[in-house]
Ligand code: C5P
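Take a look at this single chain, the form predicted on its own, given in structure tokens.
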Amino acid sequence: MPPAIEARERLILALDVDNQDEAKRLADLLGEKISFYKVGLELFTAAGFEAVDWLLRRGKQVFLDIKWLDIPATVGAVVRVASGRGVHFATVDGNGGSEMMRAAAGNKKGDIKLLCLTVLTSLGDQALKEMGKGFTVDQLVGLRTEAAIESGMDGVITSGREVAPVRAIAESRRKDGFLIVTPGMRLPGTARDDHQRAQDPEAAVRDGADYIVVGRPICRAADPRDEAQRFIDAIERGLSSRRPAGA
């Protein structure tokens, strides 16, 4: 992970709200505390690229989390469009397979980073079994990490619990700049909500996560700025206790 990235810049706030006015209110309230925002399905459905463009005009980085899943030609075309909209991160659903990921990677332009969604943090081994998957979460995350690397993706989205093995795979393939972004972050002693594989941000960063994604704990806090700082402090602690590469 590039050491020049400050702890504050590694926190991505998920604007999981259903209207543009609430998104603007939160962004204005948090001010300089947050520099990176995730626009997901809920806000994008409500406001589309208007929400993205508003954040970009304010000098913020934007993670467009739509989890694209379609035939390779369609996903490649969508990536071409997104590449011209100034977003920094975007997700491709690992369920689409290597061919779809190659089409996505082959059509990106500029600085956009494409991330493969491995397994949603709301899923566990039993849920995968019910879906007809013949793998555990750990096995599927490993397979999709390998596929993402081979397909030219820039990184993966996975829970904090899988960060260490994912980082080990990337190091074994000499992918030093391979990004690991971890959603489902919860501070110790707080509610996990619907995340089956929630994780402490300090542990995730210590194990090699580059960025963490936090939504409800900050957005619904009595003092969002104070809660954001708690997560930034956890990132700082994780960076301080990080294991050396290859250890």
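Predicted model, so just to flag it, every value in this text is computed and none were measured. Numbers follow the displayed sequence, beginning with 1.
Below: the form predicted together with the named molecule, not depicted.
Peer 1: Heavy atoms within 4.5 Å of the named molecule in the predicted bound form: which of the stretches 131-139, 118-126, 100-108, 69-77 has them?
Peer 2: Going by heavy atoms within 4.5 Å, the stretch is 118-126.
Peer 1: Given that the named molecule is left out here, which of 9, 233, 22, 16 has a heavy atom within 4.5 Å of it in the predicted bound form?
Peer 2: After the contact test, the surviving option is 16.
Peer 1: So in the predicted bound form, does any heavy atom of residue 206 sit within 4.5 Å of the named molecule?
Peer 2: Although the named molecule is absent here, residue 206 would stay clear of it in the predicted bound form, with no heavy atoms inside 4.5 Å.
Peer 1: Indicate whether residue 90 is a 4.5 Å heavy atom neighbour of the named molecule in the predicted bound form.
Peer 2: Answer no; every heavy atom of residue 90 is more than 4.5 Å from the named molecule in the predicted bound form.
Peer 1: Tell me, yes or no, whether residue 157 is in contact with the named molecule in the predicted bound form, where a contact means a heavy atom of each within 4.5 Å.
Peer 2: Judged by the heavy-atom cut-off of 4.5 Å, residue 157 is in contact with the named molecule in the predicted bound form.
Peer 1: My question is simply whether residue 58 lines the interface with the named molecule in the predicted bound form - judged by any non-hydrogen atom within 4.5 Å.
Peer 2: Taking the distances in the predicted bound form, the answer for residue 58 is no, it never comes within 4.5 Å of the named molecule.
Peer 1: Output the sequence-ordered list of residues from 213-230 with at least one heavy atom within 4.5 Å of the named molecule in the predicted bound form.
Peer 2: 213, 214, 215, 216, 217, in sequence order.
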